[in-house]
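First comes one chain, alone, set out as structure tokens in the form predicted on its own.
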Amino acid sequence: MATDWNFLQELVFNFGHQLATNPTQYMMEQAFAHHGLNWRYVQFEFTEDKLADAVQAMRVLGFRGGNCTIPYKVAIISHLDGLGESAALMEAVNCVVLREGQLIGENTDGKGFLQSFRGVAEPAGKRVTLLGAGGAARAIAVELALAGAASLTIVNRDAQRGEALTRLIADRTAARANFVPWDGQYAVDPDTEVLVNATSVGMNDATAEVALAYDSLRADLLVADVIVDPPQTALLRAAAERGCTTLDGLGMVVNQAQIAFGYWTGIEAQPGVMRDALQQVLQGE
């Protein structure tokens, strides 16, 4: 038998819910194959009370790290050994990296979003309204604030979570921040320049509508959505019909995946390989 064969694969994980339709697994494994890496990306679903056990299992089995998505981006922090700078500031983790035997939480969501955002506009000086206050929202809010956004309005149904994110932005960045309770159909403030849906509404459902007064969407707005599947959500379609500039979630996912790939492997991934793989899945090819 040739001596260069290696049948012991390196493993990374993804923890979350509704993973059967999450295309990240295919995208990552196409990138591993492209770069000649004997790695696997394995997805796991479990109830929230099993999170501690799941993290411990990854330690025992020697996983090199992984991702976590809804609903674990905040809850996983207490089960890790430490946090990178951005994850500590955001208090949310979407990427776990094994470094010198320790599991360190990082956050690539916000960086991926910011890179995609800069393809259509510069965040400096912008007045932003953010729908949601979960893990993705926290990452996006912090990165936009650090990039010079003038103000962020946090709109959320859970007042405690929304107010916590508002305090985080106000206390740790130079951006102004205020909280608005999400009660009924939210009407976008006339001063808003950028509207971001950072909730899970629209995931795997092209007809799901965010609780928004759609007649408050103006043609001069930039409307972004973090949903990947489908990339054209009901919100983005409605915004486009009203003349808004729109930004889907594809770029954010590819960008953050490229960053995570580098954390795990030490190799700079080819973003075109990841984007092509993602589009293959979404187009049913």
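Here the rigid core means the biggest group of C-alpha atoms that line up within 1.5 Å when the two forms are laid on top of each other. Worth saying up front: this structure is predicted, and the values here are computed from it rather than measured. Each residue number is its position in the shown sequence, starting from 1.
The following text describes the form predicted together with a small molecule, which does not appear among the structures shown.
Legend entry - The single option of A260, V228, M27, L235 touching the small molecule in the predicted complex, heavy atom within 4.5 Å: When the small molecule is considered in the predicted complex, the option within 4.5 Å is V228.
Inset, instruction - Using heavy atoms only and a 4.5 Å cut-off, determine which of H79, K126, R161, K111 is in contact with the small molecule in the predicted complex. - result: If I apply the 4.5 Å criterion carefully, the residue I get is R161.
Inset, instruction - Could you confirm whether V201 comes within 4.5 Å of the small molecule in the predicted complex, counting heavy atoms only? - result: It does: once the small molecule is placed as it appears in the predicted complex, V201 has a heavy atom within 4.5 Å of it.
Legend entry - the small molecule contact in the predicted complex: W182, any heavy atom under 4.5 Å: W182: contacts the small molecule in the predicted complex.
Inset, instruction - Give a yes or no for M252: in the predicted complex, does one of its heavy atoms lie within 4.5 Å of a heavy atom belonging to the small molecule? - result: It does: once the small molecule is placed as it appears in the predicted complex, M252 has a heavy atom within 4.5 Å of it.
Legend entry - in the predicted complex, G135 touching the small molecule (heavy atom, 4.5 Å): Yes.
Legend entry - Per-stretch contact check against the small molecule in the predicted complex, the hit in 141 to 149, 95 to 103, 118 to 126, 192 to 200 (non-hydrogen atom, 4.5 angstroms): Looking at the partner contacts, the answer comes out as 192 to 200.
Inset, instruction - Please check if T69 moves between this form and the one not shown, taking a CA shift of 2 Å or more relative to the superposed core as movement. - result: T69: C-alpha displaced by 2 Å or more between this form and the one not shown.
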